[in-house]
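Just the one chain here, laid out as structure tokens, in the form predicted alone.
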Amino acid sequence: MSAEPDGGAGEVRLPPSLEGVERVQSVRTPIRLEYDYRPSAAAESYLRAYEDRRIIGHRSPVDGAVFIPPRGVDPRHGTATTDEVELPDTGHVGNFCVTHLPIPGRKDLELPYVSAWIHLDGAAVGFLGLVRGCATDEVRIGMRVRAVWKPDDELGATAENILHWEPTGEPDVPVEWAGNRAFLRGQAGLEDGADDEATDA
């Protein structure tokens, strides 16, 4: 028994002991990756604040934009940020996705579930979170939400202290003002009810 010629380099001949043995088509090999994450000073402060049910961001000295999670720098201008800002655990859904496929290792996620960009009140950007407490077809852009925290005896230095986000029942943020537009609207000095053309500008 011999294999196909290997790129013109000649035939690959198998030893007699493998004559008639079925060729291997695939191999399943267990792989494990371990990460040693060393947070920056800004990230460490951010994570430790969760132990006290606090959410913090950094304010840009350029235009006052508040970034969460804080990285110690305004990514748009490369300017260092040191002004720490405590944010509320309320905000709105800037965008979302309904997922119907399971995530390996997350048996706690009942299908379907909603992943959303949560824009905290006062923040210039959003971050990812789960939305629960309502049917998936009730989740919408602009829906007001609040954090649902772990019990006090389970809190640690981790963003996982927030189990998920649930609707507050408050009036929605208008779609044209939702997400990152909320910060841009504030920069433009617009009030609720200002015309939409100014918002889009």
Partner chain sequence: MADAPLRADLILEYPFSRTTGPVIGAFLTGLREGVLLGIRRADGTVMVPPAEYEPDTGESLSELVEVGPAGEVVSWTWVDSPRPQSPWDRPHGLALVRLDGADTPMLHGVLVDSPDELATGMRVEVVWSDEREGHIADIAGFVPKEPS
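Basically, rigid core = biggest C-alpha set you can superpose within 1.5 Å across the two forms. Just so you know, these numbers come straight off a predicted model, no measurement behind them. Residue numbers count along the first chain shown, from 1.
Same protein, other form: the form predicted in complex with its partner chain, not shown, and the subject of what follows.
Tell me, please, which stretch of 147-155, 23-31, 161-169, 128-136 lies within 4.5 angstroms of its partner chain in the predicted complex when heavy atoms are compared? Of the options given, it is 23-31.
I'd like to know whether R53 contacts its partner chain in the predicted complex, with contact meaning heavy atoms within 4.5 angstroms. So R53 does not count as contacting its partner chain.
Would you classify R59 as touching its partner chain in the predicted complex, given a 4.5 Å non-hydrogen atom cut-off? So R59 does not count as contacting its partner chain.
Heavy atom of E44 within 4.5 Å of its partner chain in the predicted complex: So E44 counts as contacting its partner chain.
Residue-level question: is R48 within 4.5 Å of its partner chain in the predicted complex, judged on heavy atoms? Close contact exists here: in the predicted complex, R48 approaches its partner chain to within 4.5 Å, heavy atoms only.
Listed by sequence position, which residues of 32-46 have a non-hydrogen atom within 4.5 angstroms of its partner chain in the predicted complex? Contacting residues: R32, L33, E34, Y35, D36, Y37, R38, P39, E44.
E34 C-alpha shift between this form and the one not shown of 2 Å or more, rigid core reference: After core superposition, the C-alpha of E34 moves 2 Å or more between this form and the one not shown.
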